[in-house]
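Read the single chain below, which is given as structure tokens and is the form predicted on its own.
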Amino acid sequence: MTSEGAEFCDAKHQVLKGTSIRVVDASVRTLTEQTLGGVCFRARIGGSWGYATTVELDRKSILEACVRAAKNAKLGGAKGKKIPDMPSSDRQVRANVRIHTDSVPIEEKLAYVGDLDKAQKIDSRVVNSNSDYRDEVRTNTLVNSFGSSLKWEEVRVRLIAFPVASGDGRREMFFEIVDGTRGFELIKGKDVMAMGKSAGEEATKMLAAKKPPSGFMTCISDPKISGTLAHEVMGHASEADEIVKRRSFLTGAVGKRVASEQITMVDNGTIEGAFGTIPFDDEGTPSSRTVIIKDGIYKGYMQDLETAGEMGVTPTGNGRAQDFGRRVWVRMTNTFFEAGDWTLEEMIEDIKFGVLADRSISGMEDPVGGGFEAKTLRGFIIENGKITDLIRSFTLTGSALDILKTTDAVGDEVQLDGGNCGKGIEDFVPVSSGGPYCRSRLLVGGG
């Protein structure tokens, strides 16, 4: 592609293999094994990228795709800064797994999912049991004009229990999830019967939950809800392509105070076992720990090759694509608030009246305005330093920066939860988000 005028080019061959199993009320609803593979060629000319993909791996098809990529880049005609030079690398990285998912028969996988589903039916009030299992193996080979030659493997596993309980004219649900960049040992090491039973018990407890309060009050967010704030608002707004386009409320924030000194936030793609962990991004840049906020001061953005060139900084390993057929965007890996030094008990005992929010159901992405909204699964009333009533789902809203500036206590243990994040409503990649328990002032909306 350099002979066609490309200033930078790369080629990535990728094979994706996955299993998906869903059992609902002891009935198998989904049982699939899929394989997808091909090659993507990219060329950069001026400020334009050209992409071309092929699933045919013969010499003629590959050469034609190379020419198409360069031609497509020329057609763009945009002006942009040069991609930063990166050192060449020749590495192969195997996934750190003990039981590779490819080695486990689908019948064995199905048996675990069936047990999980059966265990949720603790009594007649559990009217619907749902159990999902997914695994994915990504095998990647990348070469580029820096002279790098890389090969790496990513293995992910996820298991979800999701029971629904009914009683007194109400329906409530609960969920338990286990996930990570692990092999099938993650499932074998989990007591799935206990996991399903616990989820069923919690769903039935929700039938007795009271109506939540409303108003502006002290709230302790659990790690899942802390992660929603870190990911949905602060994380997306810290993706440098949003900064380059000046579509983020954090444009120009570097060096400014954006949170209390209790808050440190990072994106770290190197955490062993986390769902968003990657050895390299989809441009071949090694994954890294990127400090976004340090002791309340905003430090910097997540970068791919293009945005690093535009901003004159070093790429952070956040150039990611859904698969070989999609374009690369700046994307998160594992994004979270780091631990402080408070125990949950210490946070609770200082509160005269407030809520403990437990488990995020959904969150709003607002990288332009910085607004935050999360819907919780449930919560607990805190009165005079003690947890009292279980309460139903409610919403938490506010300005992300206002919330973070009122955060006066951060817990001493980080928890991460995996999932798939889209750039808007498309281009999904595996990530995780989370943090510790955090105490802040928010607007609580009763259900």
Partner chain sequence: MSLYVDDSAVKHIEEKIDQGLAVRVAEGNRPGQSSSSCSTMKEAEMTTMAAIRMAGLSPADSGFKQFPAGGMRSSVDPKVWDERIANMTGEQLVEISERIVESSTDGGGVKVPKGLIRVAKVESVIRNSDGVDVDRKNTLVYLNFTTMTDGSKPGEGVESFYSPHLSGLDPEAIGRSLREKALASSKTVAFKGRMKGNVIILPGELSEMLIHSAGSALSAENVHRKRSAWLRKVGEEVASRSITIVDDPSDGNGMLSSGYDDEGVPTSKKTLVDKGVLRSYLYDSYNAGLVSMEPSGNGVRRRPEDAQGIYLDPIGIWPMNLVLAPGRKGRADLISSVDEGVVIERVSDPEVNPITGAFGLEVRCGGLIRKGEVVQQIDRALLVGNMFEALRNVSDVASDSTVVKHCIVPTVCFDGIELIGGG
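Numbering follows the first chain given and starts at 1. This structure is a prediction, so every number in the text was calculated from the model and none was measured. Under this definition, the rigid core comprises the largest set of C-alpha atoms superposing within 1.5 Å between the forms.
Keep in mind that the form predicted together with its partner chain is not shown, yet the notes after this line are about it.
### Task
Taking 4.5 Å between heavy atoms as the contact cutoff, choose which of I381, I62, V414, L31 touches its partner chain in the model of the complex.
Of the candidates I381, I62, V414, L31, L31 is the one lying within 4.5 Å of its partner chain in the model of the complex.
#### Entry: Contact residue in the model of the complex, chosen from P84, G180, G300, G371 - any heavy atom within 4.5 Å of its partner chain
After the contact test, the surviving option is G371.
### Task
Report the stretch among 93 to 101, 171 to 179, 141 to 149, 255 to 263 that approaches its partner chain in the model of the complex to within 4.5 Å, counting heavy atoms only.
Careful reading of the contacts points to 171 to 179.
### Query
Looking in the model of the complex, any heavy atom of G418 within 4.5 Å of its partner chain?
The answer is no: G418 has no heavy atom within 4.5 Å of its partner chain.
### Task
Using the partner position in the model of the complex, report whether T388 sits within 4.5 Å of its partner chain, counting heavy atoms only.
Result no; T388 lies far from its partner chain in the model of the complex.
### Query
A52: heavy atom within 4.5 Å of its partner chain in the model of the complex?
Yes, contact at 4.5 Å.
### Message
With the partner left out here, check for me: in the model of the complex, does some heavy atom of T343 sit within 4.5 Å of its partner chain?
### Response
It does not: once its partner chain is placed as it appears in the model of the complex, T343 has no heavy atom within 4.5 Å of it.
### Message
Do any residues of 33 to 49 have a non-hydrogen atom within 4.5 angstroms of its partner chain in the model of the complex? If so, which ones, in sequence order?
### Response
Heavy-atom contacts to its partner chain in the model of the complex: E33, Q34, T35, L36, G37, R44, G47, S48, W49.
### Query
Quick one: core overlaid, is Q415 moving 2 Å or more at the Cα between this form and the one not shown?
Superposed on the core, Q415 moves its C-alpha less than 2 Å between this form and the one not shown.
### Rigid-core frame, C-alpha of G398, shift of 2 angstroms or more between this form and the one not shown
For G398, whose C-alpha is compared between this form and the one not shown after core superposition, the shift is less than 2 Å.
### Query
If you line up the core, does R378 shift 2 angstroms or more at its C-alpha between this form and the one not shown?
Comparing forms between this form and the one not shown, the R378 CA shifts below 2 Å.
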